[in-house]
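A single chain comes next, written as structure tokens; it is the form predicted on its own.
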């Protein structure tokens, strides 16, 4: 490490001195240095300063660490779902997606030890890496390149904020998303959703959710939420060969949308139990990386809460809002004789297992930039996200999921929520004085 430190110090003068020809790219050099080492500046000895080891880089690292379980599970489960789909198309009905669990999960669920002939765990992981790594690389590459360009133009430091956004984007888009579409979506979100407002800390909307929204409206065929696409293997030398280009399966929420009163039963029995409660919780289902395993999301939530990075108020309020709305809305719909979709017949807690609400409320809604700052505001913000998610799921006939729309809507109203909370507090203090 000392050798690397000496090398960086030796190159610093080539970029830091204003008369140097490399001074224009000083923000990029500074970003690389702060990525490798902690900043070497300290608060002055005079005056009152808060001294703490927590800085933006450490906070971002904590969030990335919390998302690692979801990413690792996506590497495995993407390959699992692919080979399970291939086995089904080859006519082996026993090979349902829910049968592929490994290690302690297999023993916990009591699932049979079924494998696709000729497919090893190594093949499964390699296929998952083939699908997920390009998405991660494009997300980070395009986003960081644009942020670096803006920092050079503005002569500002490169913020670590996109380190989290890049990972979030990779986890909330389907594995089948074409890379060119992802690149356009990332460019749109970084430029129009973040940099035009001033960069990290100034954006109104969560940048990762902006990418999802852009892809949803620009390319609805891939992002409608009605079906999930399991990647096929078109390589002539792959395992098990170029049998299929893809395999389309209805998502759990799309399945129950038109199911009627037997929504819960249909969810449990579809495709030999693909969407059973156990599979939905542990993540033995196809889908975007962030919505696969609720267990991995809960592990990430534990990391955010232990480190104090994520707001427990937003998380708890979101879950309460969803459960409360899922209980009340069907009663009101029945009382007012409104048409009821299949989602209204799900048990309230089943809504937590379906879709990406848990991932959204843990990692997206708790974004400190686009969420309220006041404690009361966080409760209101989280409750409304849960309520609006249920309203879209139950009442909107066109779109089965509502987490994305709910979070973006409440991002827009977060400053307004804080305004009313602060105004009410000022009135109370004036009365006391």
Partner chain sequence: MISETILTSFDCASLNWALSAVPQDGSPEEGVSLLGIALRAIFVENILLAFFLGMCSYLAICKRVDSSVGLGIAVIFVLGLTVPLNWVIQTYILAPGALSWAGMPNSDLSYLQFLTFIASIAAAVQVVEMAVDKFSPKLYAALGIFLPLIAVNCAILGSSMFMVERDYTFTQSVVYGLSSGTGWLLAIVSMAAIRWKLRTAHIPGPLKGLGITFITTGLIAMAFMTFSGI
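Numbering follows the first chain given and starts at 1. In this text the structure is predicted, and so the values were computed from the model without any measurement.
What follows is about the form predicted together with its partner chain, which we do not show.
Under a 4.5 angstroms non-hydrogen atom cutoff, its partner chain in the model of the complex has residue 198 among its neighbouring residues. Interface membership of residue 11, defined by any non-hydrogen atom within 4.5 Å of its partner chain in the model of the complex, is ruled out. A residue is said to contact a partner when one of its heavy atoms sits within 4.5 Å of a partner heavy atom; residue 424 fails this definition for its partner chain in the model of the complex, lying far away. For the chain shown alone, residue 210 is a contact residue for its partner chain in the model of the complex, at least one non-hydrogen atom being within 4.5 angstroms.
Stretch-level contact check against its partner chain in the model of the complex with heavy atoms at 4.5 Å: of 344-352, 154-162, 323-331, 280-288, the positive one is 154-162.
Contact with its partner chain in the model of the complex, judged by any heavy atom within 4.5 Å, is made by just one of 392, 376, 384, 64: 392. Residues of 410-433 that come within 4.5 Å of its partner chain in the model of the complex, judged by any heavy atom, are 412, 413, 415, 416, 419, 420 in sequence order.
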